[in-house]
Every structure is written in structure tokens, then in C-alpha cells.
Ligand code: AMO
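To begin, one chain is listed below as C-alpha cells, in the form predicted on its own.
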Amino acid sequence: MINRIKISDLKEHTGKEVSIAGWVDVRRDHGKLIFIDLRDASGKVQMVILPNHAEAGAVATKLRPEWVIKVTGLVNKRPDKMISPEQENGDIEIEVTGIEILSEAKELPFDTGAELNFDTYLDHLPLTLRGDKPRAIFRVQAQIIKSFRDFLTAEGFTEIQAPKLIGDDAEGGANSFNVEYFGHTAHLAQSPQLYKQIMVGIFEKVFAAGNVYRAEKHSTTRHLNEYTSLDLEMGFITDHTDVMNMENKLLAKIMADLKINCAKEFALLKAEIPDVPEKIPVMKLREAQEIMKKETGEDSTSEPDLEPQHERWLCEYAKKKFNSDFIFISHFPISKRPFYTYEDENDLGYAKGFDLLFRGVEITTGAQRIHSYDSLVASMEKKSLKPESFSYYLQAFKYGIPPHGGLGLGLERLTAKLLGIENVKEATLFPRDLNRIDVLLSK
């Protein structure tokens, strides 16, 4: 019995008999010859069934796209005139000696490679995700989350698993999903924020990668009701700039790894991996608003936040002015930030916090957090929150927490902007939004 070989490793077995298995991508009949492109998780290869292998040929005539088969055959070098340098495994070909059908596929609802409208694509994700483009998108996403973990582990962070069912949402706001919990009302977590802070009291530096939930009635190209948040929290910081510097290094690591491991995927998607500056440019919100007012004539200086068009403009400005695809915007009004955000004692009314903008959209929110128990209670009361509702969380501060801060990075938004994808749902494996939870809710 011959052990199965991954298609990506076939070149190492040139001239030898191998066993491979996967999905039929395409079958082409050329008279006495039948060509099949076979796909597995590692790649694709062209196979040929010659007339002298009649039994294999008889099976091959039955095959259709997405049938799952096991193949034995010889790995042959293609003749020079048949080499396709631009094609994956374009210099080899499998001469098929045997085919075993492992699973048949029903007739497909549309032709392989057909242009689909987005709802049709989403309605058929168990099938459409098999395409080259989606597979490339989610290989890139897998590398991002791997690099996130590798970098922070090397920096002395400990990974934690924060609960998704909570008694109160992290922001104290209204945009949480309510869940019946044994006669009580629980919520789906909007972030792991409170648990990250508690864990700073145990491990000093922690990170989490997991799904979070926002009950916001959006139906836009940039919002999701469930997304993956890459979170970190670090103790014994001087201020929020320590968190920004950590993210700067984290992003440099992610981009370096993508260049090494995902060059093929970026080439397929015609996307460019950005260079991360040694120091990402920073400006306060008020500075950014003044620049926009001067350059565009639009006065947003009284606004507490950035509108999507402002984020796009500032990214264009950062690219022209600093040759950076990234820009930090800091010092948003403290009144518009969560209760745990630290106010800048040298710039009262403004937070020691930041958003990171990348290619026209905000991908990160971060800040220094309040670490004084009394100050935290006072901040809650100022925002009309009841400290007794947060008594579990407040224990950490009652018994001593160092100065700390952290951030949350949206995995799907980062993936989408890296790959030039217009709708974040295309960078989400099984997206949830106002109208969709695997099927259209309106059906």
C-alpha cells in the first residue's frame, strides 16, 4: 500500500509511483486522452489518463467537479513544450494508473468559477469557499492569527480564554445580545475587556483571540455582528504609548511572516503587503481635524469621533505625508470612551487612548486603563453605571492592579484591508449580520 502524498510535495517524487487524493477541479476530454485537475488542501496538479490504462479511463469518464477520488500514478516531468511556468505544478504531470471514487457530488448549482452575486456566494459557502480566492483569503487570515500568537508568546504574554457568556457587557452599553441563562438574563460578550484586566493581576501580560458580539443594527460593508477580536493587555506600562509601540512591533511581525508564508496568496489576489514604519505616525484627534479643515474645508472640529470619510482621508494623508499605510489617532474625548479609559492628566477631557487606521478604516482601538479602584468606581458613577453590577470585576482593583493598557484588533477588517476586499463579510468565514445567520433571515 502506497502512503498518500500531498500535492504540494509531488515534485519531490518525480519519476516515482504515488498515491494522492482530493477533489476533481476540472475534467477535460481530448479524444483518447482525459485530463483531470485534482485539488487537495495543499495545491493542484494536472493528471492524464492514457488509453493503455483502460480501467482508469472507464472510471474517469464518470467523474464530475467536486467528486472526491483517490489516485495512483506516476509523477512525470512534462516535455519542455508543455511546461506552464505560471501554473502550479506546471512542470509535472501525473500519469494515472488507477482511480478510486471516494465520494460523489450532486450536480452543482452553478458552473465552477462562475461570477456570482454576493448573496448567492454567501448562501452557498460550503461550496463557494472551495474556490481559489476564498482559500487564499483564509490562509492569509490563519497566518495573521498565528503570527499574533507567536509574537505575543515570544514577548512574554500568556494566552487566556475569556468567557463569551457574561453577566454585564464590557462597555456598559446597550448593544449586547441578551441570552436566557437559567432564569437570569446574560449577555454575549462584546469584548474580553474586563477579563483581560483581571488577568493582568495574575500574569501581567495576556492576550486572547476569540469571537465577540455586537447587537448593532448595521448592514454595511464594514460591520459584523460577530467577529474575531485579537486582544492584548499589558501591565506596568508608563502610558498608552507603550501599547502603541507594542502594536507597532506586532504588525511588523505579522507583515514579515505574510511576506514569507503567503506570497502566493497575495499574488493570486493581486494585493500588496504593506511595510510597517519603524514608528507609525501619531496625531491627536484635534490635530487631525484641524488638518482636514485646512486641507478640505470640512469642519469636524466639534465632533467627538471620526466619520468613515475622515478615516479614508487621513489614511490617504498619511500615505502621502509619511509614506505609511498606518496612522494612530489619539486623545479622543474621555466622555465618549468606555468607563475604564484613563484620562490624560496633562490634557484634561481627553483619553490616553488611540485608534489605529489602516487603508481607510479603523482596525484597532486601545488605551491606558484606570487602575485605581476609587477612580474606577467614580468613572462608573459618572457614566451612570452601578458599581455593584461590576463587583466581581472590581475585586481585581480592590486588591491591587498595576498601571496597564491594551487593545483590540479586528481580524476580519485587517484581513479585508490587507487583501483589498471591499466587503468585510468576504473576509469572514460564516458572517453574521442584520440579515444573515447562515441563511437569509428574510426567507
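Heads up: residue numbers just count along the shown sequence, starting at 1. This one's a predicted model, so the numbers in the text were calculated from it and none came from an experiment.
We do not show the form predicted together with the ligand, though everything after this point is about it.
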Seminar exercise, completed: Only one of 189-197, 109-117, 93-101, 130-138 has residues with a heavy atom within 4.5 Å of the ligand in the predicted bound form, and that stretch is 189-197
Exercise. Using heavy atoms and a 4.5 Å limit, would one call Lys253 a contact residue for the ligand in the predicted bound form?
Worked result: no
For this session: Flag Tyr227 as yes or no: does it have a non-hydrogen atom within 4.5 angstroms of any non-hydrogen atom of the ligand in the predicted bound form?
Result: yes
Exercise. For Thr365, is any heavy atom within 4.5 Å of the ligand in the predicted bound form, or not?
Worked result: yes
Exercise. Taking the shortest heavy atom distance, is Ala416 within 4.5 Å of the ligand in the predicted bound form?
Worked result: no
Problem set entry | Candidate spot Glu290, Pro333 and Glu343, all three touching the ligand in the predicted bound form (heavy atom, 4.5 Å) | no
Exercise. What is the one choice in Arg222, Lys205, Arg359, His310 with a heavy atom within 4.5 Å of the ligand in the predicted bound form?
Worked result: Arg222
